[in-house]
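Given next, in structure tokens, is a single chain: the form predicted on its own.
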């Protein structure tokens, strides 16, 4: 299957006679402040002539110290997407079952499809603001006995954020013959964050994190996972050499040393998110309650609204590919940029 993602499509922009610099991108859920100055400096100073460290040793050491876990519990990848595919390739046989909490990021299903695994879903109900029923989810897990369960928490695109107790119940239902892959990519920029690292003690939990989001490193592709050493070792055996380039490793190290940049982003997000919620409600298009740095907004026709906004030099995510043709997803940017989005959306609703 072909997975649709947010971000710019160069061919689409050319067809519309637009450049990236002319369009505000609300389709990518990243730090609204962009990369920190330290990160930009590290990228500029990276040695482009040297092969990168195949083991990402220095970065893994820094991550181990930062997270308080053993280095053999960590694996760095070319974004979390590479790790998702490697996990399925390594741990899910073609005849096995993957269970996906949906609607969600399309790469979980894509990775399972690529191996020939059976994909089943725990689907959330739009009438309940896409909050999963945990009792029913536990029953589904116990009935299907999947080899791997994917849960994005907070979830993309809905912003639903399950609490620790709910995730622990899901882990217990999966048991020791399967893996619960908990994608925590959006936690650093989320509301009411809780620490998922203690869940590693369950033995069957894999934590995914994408530095693309909190440190705005989409251009270099960088993510990591934390899991039991045997899970990490098996997954790493399938990773191509030099998967994580030298610029990515250098910027990752710089990002870890600049948590103040992420803290500053959270303040900007809180202000801009409150503004967006109020303004969208005033327009008659209230957003689904979200704990993340993005919002799912119901509109009559997502594809039509997206195209109309792009003509006004605003890019949002059409959620038709999530099975939500009446929804767009809006990332939270700086307040002044959010004001431009609201003005454009108001014009679209008035004139099409």
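Computed from a predicted structure; not experimentally measured. Residue numbers count along the first chain shown, from 1.
Heads up, the form predicted together with a small molecule isn't pictured, but that's what we're talking about next.
Visitor: Choose from 151-159, 260-268, 120-128, 225-233 the stretch whose residues reach within 4.5 Å of the small molecule in the predicted bound form, heavy atoms counted.
Guide: Selected range: 151-159.
Visitor: Taking the shortest heavy atom distance, is residue 188 within 4.5 Å of the small molecule in the predicted bound form?
Guide: It does not: once the small molecule is placed as it appears in the predicted bound form, residue 188 has no heavy atom within 4.5 Å of it.
Visitor: Is there a heavy atom of residue 105 lying 4.5 Å or less from a heavy atom of the small molecule in the predicted bound form?
Guide: Heavy-atom contact with the small molecule at 4.5 Å: present for residue 105.
Visitor: Even though the partner isn't displayed, in the predicted bound form is residue 246 close enough to the small molecule, meaning a heavy atom within 4.5 Å?
Guide: Close contact is absent here: in the predicted bound form, residue 246 is far from the small molecule, nothing within 4.5 Å, heavy atoms only.
Visitor: Please check if residue 215 has a heavy atom lying within 4.5 Å of any heavy atom of the small molecule in the predicted bound form.
Guide: No, residue 215 sits far enough from the small molecule in the predicted bound form that none of its heavy atoms falls within 4.5 Å.
Visitor: If you check 140, 81, 115, 171 against the small molecule in the predicted bound form, which one has a heavy atom within 4.5 Å?
Guide: Spelling it out, the residue with a heavy atom inside the cut-off is 81.
Visitor: Of the options 273, 91, 221, 85, which one has a non-hydrogen atom that comes within 4.5 Å of the small molecule in the predicted bound form?
Guide: The residue from 273, 91, 221, 85 that makes the contact is 221.
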